[in-house]
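One chain comes next, on its own, written as structure tokens: the form predicted on its own.
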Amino acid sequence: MNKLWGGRFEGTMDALIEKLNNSLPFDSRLWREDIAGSIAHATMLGSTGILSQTDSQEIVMGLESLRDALTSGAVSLPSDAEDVHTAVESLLRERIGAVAGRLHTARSRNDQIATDIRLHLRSACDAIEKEITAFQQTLLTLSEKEMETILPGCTHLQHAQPIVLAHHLLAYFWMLDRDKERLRETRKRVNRLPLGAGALAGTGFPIDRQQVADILGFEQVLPNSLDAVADRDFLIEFLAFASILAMHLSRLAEEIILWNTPEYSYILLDDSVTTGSSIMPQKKNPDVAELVRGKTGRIYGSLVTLLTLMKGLPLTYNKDLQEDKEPVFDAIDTLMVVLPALNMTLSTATFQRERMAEAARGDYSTATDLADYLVRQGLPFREAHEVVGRVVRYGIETGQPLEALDAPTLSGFHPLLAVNPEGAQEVVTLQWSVQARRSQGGTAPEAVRAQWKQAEARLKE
């Protein structure tokens, strides 16, 4: 196939260099965006008089016909094309003849590819946001059913204080909500038009970039032609968002993996999201959660790849930028698989409520409640902390949980525990501990219900 730039050259490109230079194997997925951008460009060329209306309309109809044919599979991109732009233009030339050559008036492949990738990423942002929202809805649905389900809350993976499961699940709702905020902010900066910047310096033709922006749905026109073709900040921002989202998903995946172990047994995973072993018949493996955890590193790698790619590039376009697409495409593809897969894993799981409560009983996680009880009686917290520490040590040494210590025993640790020993015994129960944390954002069921309503309203915004 003839090169778009072949007039300057007498010799032919070496086959190895041809392979290195060719981007069609990965940028071929941009053909829809390339055609959409070309339709907008050709329409503008006709309305500004740069092309005749006849030529403009013929090109637009040819592009629309080509789009339909590619969509139906009636034609395919030529495998010997250098890139998606060459492929589309060659197919258009086959359909409408030499007039196809007028399409490239007042544009370059530099501003063309920058436009294509922005259009593609804009659609990807919308698709990913839908998946995040669906996951948030699952978390809302599950948490509504688990307002009274008590389990150990942990720090350092050590039992710390009892919480309700709804509170735990909603923590991930808010992580995803921040991810969605970041995605929306990124999309705003994605949705800016580079087309019309030319190779780097603009064009001498009287183009109307705002018209192209309006046709393609871009909110702004990029004001500097150098920056328009050289900028890849929007891709880096997207990959930063993707990395943070993947990190959140990986944290949840790790908890699913832990909770699914026999030692925890907090959760049972459905057969539809698990695998077995080729040698051990009893196995039921949480492969989805493990793959989500593993693919997080892959997305991190995409971010580092693009940051490294960009760090030494002088203005404006450099061939290095051909390497910007694969990391972004891979991150998009990965998120569009792991989001619904982890959502399915969680939505089809069964929570073992009694096992969670059993794990919280006798674990001394209500010790802070006993310390707070002493504070209410007038003891400074530091002294109360020391007193309760001795109570806990005694319980461990004698094999008695806090809730099993009788009034005379508790009274022996401090006079204030003798004032109302029944009250001291009450505050170390799981139910009392959970119900007591009614502060905004706390784990008491009434506070969690208020939080749930806030989350529901947020999702409806």
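The numbering used is simple: start at 1 and walk along the sequence shown. Keep in mind that this is a model prediction, so the values were computed, not measured.
Below, we turn to the form predicted together with a small molecule, even though it does not appear here.
Only one segment in the set 109 to 117, 242 to 250, 258 to 266, 68 to 76 has residues whose heavy atoms sit within 4.5 Å of the small molecule in the model of the complex; it is 109 to 117.
The listed set 359, 96, 321, 160 contains one residue whose heavy atoms approach the small molecule in the model of the complex to within 4.5 Å, identified as 321. Only one of the listed residues (329, 351, 317, 300) places a non-hydrogen atom within 4.5 angstroms of the small molecule in the model of the complex, and that residue is 317. The closest heavy atom approach of residue 83 to the small molecule in the model of the complex falls within 4.5 Å. At a distance threshold of 4.5 angstroms between non-hydrogen atoms, residue 23 is in contact with the small molecule in the model of the complex. Although the partner is absent here, residue 355 sits far enough away that none of its heavy atoms falls within 4.5 Å of the small molecule in the model of the complex. At the 4.5 Å threshold, heavy atoms of residue 34 stay clear of the small molecule in the model of the complex, well away from it.
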